[in-house]
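One chain follows as structure tokens, the form predicted alone.
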Amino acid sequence: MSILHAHTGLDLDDTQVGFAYRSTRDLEVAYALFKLLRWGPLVRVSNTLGGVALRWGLPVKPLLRATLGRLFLGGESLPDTLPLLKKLHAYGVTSMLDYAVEASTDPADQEKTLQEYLHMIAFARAHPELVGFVAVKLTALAHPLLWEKIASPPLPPSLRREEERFREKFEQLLAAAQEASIPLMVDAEESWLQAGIDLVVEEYMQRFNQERVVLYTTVQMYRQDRLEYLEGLLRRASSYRLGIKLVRGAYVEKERKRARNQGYADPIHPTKAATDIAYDAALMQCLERLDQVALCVASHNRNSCMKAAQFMILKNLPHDHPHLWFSQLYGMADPLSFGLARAGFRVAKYVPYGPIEKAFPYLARRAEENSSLSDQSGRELAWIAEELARRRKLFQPG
């Protein structure tokens, strides 16, 4: 038992609670898949071959559905997710819906994504007990070049028209979300795109987050400049309510490779420990301002989740405070999600869905995250092994 556990009575390692919603067969398959995912070379080759096979139309979708899709996807369509959402809700966990698409340069694809986001908002409005948030990706609604250039005007005429089209889409989404009382969570992107996204999202938070929080930005704390950025954001938000999702970050290798190739300073903290320190500093700054800041602690880090819970307990604040949410990815960190929910905290499991061919880049990222001997992938295996051993012992004769 950790010091934090002893002080709060909160257990975020209880596998019986964490995996109650999952069958033994499901856990056995997950265990086997996580073991395979630890073979880094195999994951890299499989991701490359999978992407090529999908582009060539080869029949790999059944295999992907049975492996990465089973582990990390809530379904291939929005109706597909309903049984999972109901199961999560039965154990006190709501959902954050995510249409698992990537950036697009095709206006037709961008329009399809907009319609899917509107469909998600309508679905969430029809099932408010199941869905707490809708995640949106701005690079799926406008050309990525817009986000690279918009923070450094003037824009060329072609991008000015792209900005106008984006704003029409985004304002339509925000109006629908406001009417449905379903907050939007804007996903974070690579650093060279994020400055433009930050600029636009902050503008729309000021417009739409007056009486309540309709829009959340995402702050990636693995970046060395993000604590300073967050402090500035908190200072500037004097006339509206901030919505902040705190994450560590998902593009470490991509960021470092680009920095090396283009000859600029690596934007990422040099060590995981430095990232953890920055994350927890940002966490405390937001928690201390819960009257004005709606915070989503989107983390698989047990210590960060425990610190946030401990803060609420020691300050005698309600566990179900309307401005505090926790979130973990579907298929990962279940003992954290369900342990927090059992203790009365608000938890929204991040549930991606989409056709396998569109969701494959998301699935590939999840595979890569678990392909090293990291604390997280090792902890997933340890949790599952512990729960399988508990169940086998429970049902042994005599």
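Just count from 1 along the sequence shown to find any residue number. Given the structure is predicted, the values throughout are model-derived calculations rather than measurements.
Although not depicted, the form predicted in complex with a small molecule is the subject of the following passage.
Of the heavy atoms in Tyr353, none are within 4.5 Å of the small molecule in the predicted bound form. Using a 4.5 angstroms threshold between heavy atoms, Tyr222 counts as touching the small molecule in the predicted bound form. Proximity of Tyr251 to the small molecule in the predicted bound form: non-hydrogen atoms within 4.5 Å are present. In the predicted bound form, the small molecule sits beyond 4.5 Å of every heavy atom of Ser95. Out of the listed residues Arg235, Arg160, Arg207, Arg256, Arg256 is the one that sits within 4.5 Å of the small molecule in the predicted bound form by at least one heavy atom.
This chain is drawn without the small molecule; in the predicted bound form, the residue among Arg241, Arg226, His269, His323 with a heavy atom within 4.5 Å of it is His269. Listed stretches are 285 to 293, 241 to 249, 164 to 172, 144 to 152; the contact stretch with the small molecule in the predicted bound form is 241 to 249, by a heavy atom cutoff of 4.5 Å.
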